[in-house]
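For reference, the chain that follows is the form predicted on its own, supplied as structure tokens.
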Amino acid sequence: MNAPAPRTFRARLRAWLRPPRTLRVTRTGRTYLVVTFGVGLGALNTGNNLLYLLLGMLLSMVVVSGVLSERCIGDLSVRRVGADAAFAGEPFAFRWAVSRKKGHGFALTLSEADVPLTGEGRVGHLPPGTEAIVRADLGASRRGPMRLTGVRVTTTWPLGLFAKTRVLPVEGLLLVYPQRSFACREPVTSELGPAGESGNPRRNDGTGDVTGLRELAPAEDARRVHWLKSASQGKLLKVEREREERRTYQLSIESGLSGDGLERRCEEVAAQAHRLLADGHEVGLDTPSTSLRPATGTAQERRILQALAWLGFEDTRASEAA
């Protein structure tokens, strides 16, 4: 029988050692406990039955708070909706879907457990039989894959005296892209040369800025006719536009980089790819571990960002694939 992977073993050990619930006294709760302690001392010193009755009521509220908070977080189901794009060094939108079969949930706070992610999402009321989408602005300090092991759910209901927390085991992976910054160096044009509407940028019949109007010639495309000007002139006038110059770029990351040098280079390449793709150019990427053919569009930018995020974490990627 094969031994479990180290990551799986550590996750199981962490789950076994973690208590099922954790309890933290809030600021209001500390004041409440001090008042309760004072009433208890007064009852013992004076023997006043009214103080004993008040002490019993204060202690019973602590018990009621524990029972109701347990009912609030006891029957919960959570799944990750995730993030559209997560960039290091800046807030990104992250979502969870939380539901319960019966009973109501109040004052719930959700966050990721045991990972270096900051931020949390809140939902005030969770009715039974419905799934609520909870949004949070999270932040990651570094680039790369981040193993998610569980979702932390906390409630301060009903009195705000204690914050009771439960961690729901939900496995997942968050890929954090390089921090978006400014590119200091101009990219080097690849040997493939111009592409698309390449050539003289002042040539007409392109998709760029408007250069003027001229009369429509026979057999020309009528879709570029400026109908308002044509109506005023009494003849068909065609809109002429500049041809945009589009080129092909092959960005690269040198081998041997590590630490802060690798991080800065990944940020620079990400900024260059974003600017070139926004201008309509074809962009590819060469790294020590992967190669992407030049292409255009937002899908290509996503592929480049994913390749940059995995750079330096090839062992983690191999274990995920296995």
Partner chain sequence: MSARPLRLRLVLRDVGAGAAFASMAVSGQLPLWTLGLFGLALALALLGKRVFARRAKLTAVLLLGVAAVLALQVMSGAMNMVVAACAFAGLIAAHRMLSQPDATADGQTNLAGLLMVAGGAALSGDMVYGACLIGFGVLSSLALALGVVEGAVPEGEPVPVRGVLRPLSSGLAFAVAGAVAFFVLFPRLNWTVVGPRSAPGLGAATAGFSDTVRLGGAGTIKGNPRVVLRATLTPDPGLDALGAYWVGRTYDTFDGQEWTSVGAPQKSGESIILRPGSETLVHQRVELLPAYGGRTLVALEMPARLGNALVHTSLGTRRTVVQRLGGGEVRFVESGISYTYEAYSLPPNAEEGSTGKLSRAEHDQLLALPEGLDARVAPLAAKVLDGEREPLAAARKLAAWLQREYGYTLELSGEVADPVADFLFTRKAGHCEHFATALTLLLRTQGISARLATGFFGGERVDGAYLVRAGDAHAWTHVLVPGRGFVTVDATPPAHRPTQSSAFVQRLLALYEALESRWRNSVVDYSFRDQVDAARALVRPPRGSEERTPSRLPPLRAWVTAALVAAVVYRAWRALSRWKRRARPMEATRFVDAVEARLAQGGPPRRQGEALEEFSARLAREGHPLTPALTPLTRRYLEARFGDRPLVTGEAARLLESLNRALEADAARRRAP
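The shown structure was predicted, so the numbers you read here are calculated from the model rather than taken from an experiment. Residue numbers count along the first chain shown, from 1.
The discussion below concerns the form predicted in complex with the partner chain, not included here.
Contact annotation: of the candidates Leu262, Val39, Leu292, Leu276, the single residue with a non-hydrogen atom within 4.5 angstroms of the partner chain in the predicted bound form is Val39. Checked against the partner chain in the predicted bound form, the residues Val115, Leu159, Val170, Val225 give one hit for a heavy atom within 4.5 Å, which is Leu159.
Using a 4.5 Å cutoff between non-hydrogen atoms, Ala107 counts as a contact of the partner chain in the predicted bound form.
Although the partner is absent here, Pro288 lies well away from the partner chain in the predicted bound form, with no heavy atom inside 4.5 Å. At least one heavy atom of Gly47 is located within 4.5 Å of the partner chain in the predicted bound form. Taking non-hydrogen atoms only, Arg180 never approaches the partner chain to within 4.5 angstroms in the predicted bound form. Partner contacts here mean any heavy atom within 4.5 Å of the partner chain in the predicted bound form, and among 48 to 56, 276 to 284, 249 to 257, 262 to 270 they occur only in 48 to 56. Contact check for Leu76, Ser141 and Ala163: none of the three has a heavy atom within 4.5 Å of the partner chain in the predicted bound form.
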